[in-house]
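First comes one chain, alone, set out as structure tokens in the form predicted on its own.
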Amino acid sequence: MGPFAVRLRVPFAPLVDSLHLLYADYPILEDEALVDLHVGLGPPNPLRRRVKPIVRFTIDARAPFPDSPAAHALPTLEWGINWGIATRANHLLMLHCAAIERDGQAVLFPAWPGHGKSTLCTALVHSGWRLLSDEFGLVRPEDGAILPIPRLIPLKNESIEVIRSFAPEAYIGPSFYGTRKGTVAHVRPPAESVERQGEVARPGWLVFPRWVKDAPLTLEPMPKAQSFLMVATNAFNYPVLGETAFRLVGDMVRTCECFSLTYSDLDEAVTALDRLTRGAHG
């Protein structure tokens, strides 16, 4: 998965088919490959399967979270892998944002939960853009490049049907009801995005999105100082990296065009972003 090698141990038969379909395009490493995350998911005690079907997520043989209902196995695994990356990859600056690429340049979408980041990202990667990530903007300290990590895109609640309508060709896995985030379904990244996950991109735009029901579309320049603050506060490990993070965020804000985006209609948002970024290339 991008710059990370993950070993999955999943002795839980109901999850195997979903993993095979959703991860079909990802490369399988040799057994002797170095691994960054050793991840497991399965029943904590086989004797309890009939009493209360639950699963336990483990990373390096430790369980950092309470057990989850077995019916939520896939969301639990995906959240757990993201948590593992967010807490252990401090050799990179990790921004909480979606990231897409075209013509070698990336658009980053730092956003708080509920602002429509995943829905917008999914629409864009099914409109000619390459998925770098829905969750992480991984910034390489030595040169500020964005490292791809094209993982499954989790859609929540109404967004699932919105994307089914917008992009019928998108492969969306099963829906999981009653999770801690409501109904969740996962979009498989386009095969090309996975195949090109070794190709880095240069940050070109910072766009801070927000979905507002029935709101007219606005795409307006954002002051650099405000952009810096919003990027820094959306970083998972800004305090850990300290001066390095300050330098990387400063360089990014200085060299990128910064905008705020309010939208309610996906077609309008995709068209506006296409015009914005195409204009940079004449």
Partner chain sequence: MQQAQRHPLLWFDWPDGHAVYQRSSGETHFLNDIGGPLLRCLSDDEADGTGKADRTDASRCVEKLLAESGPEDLSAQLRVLLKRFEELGLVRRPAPR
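Positions refer to the first chain, counted from 1. Worth saying up front: this structure is predicted, and the values here are computed from it rather than measured.
Omitted here: the form predicted together with the partner chain. The next part is about that form.
With a 4.5 Å cutoff on heavy atoms, Tyr238 counts as touching the partner chain in the model of the complex.
Residue contact with the partner chain in the model of the complex: Gly242 places a heavy atom within 4.5 Å of it. Using a 4.5 Å cutoff between non-hydrogen atoms, Arg247 counts as a contact of the partner chain in the model of the complex.
Contact check for Asp36: no non-hydrogen atom falls within 4.5 Å of the partner chain in the model of the complex. Comment: the partner chain is not present in this chain, but in the model of the complex one of Leu229, Ala63, Leu29, Ala215 has a heavy atom within 4.5 Å of it, namely Leu229.
Annotated contacts: Glu158, Arg180 and Gly182 are all free of the partner chain in the model of the complex [non-hydrogen atom within 4.5 angstroms]. For the partner chain in the model of the complex, the listed stretch (217 to 225, 37 to 45, 52 to 60, 66 to 74) containing residues with heavy atoms inside 4.5 Å is 217 to 225.
Shown here without the partner chain, the chain has Asp251, Val253, Arg254 in 251 to 267 lying with a heavy atom within 4.5 Å of that partner in the model of the complex.
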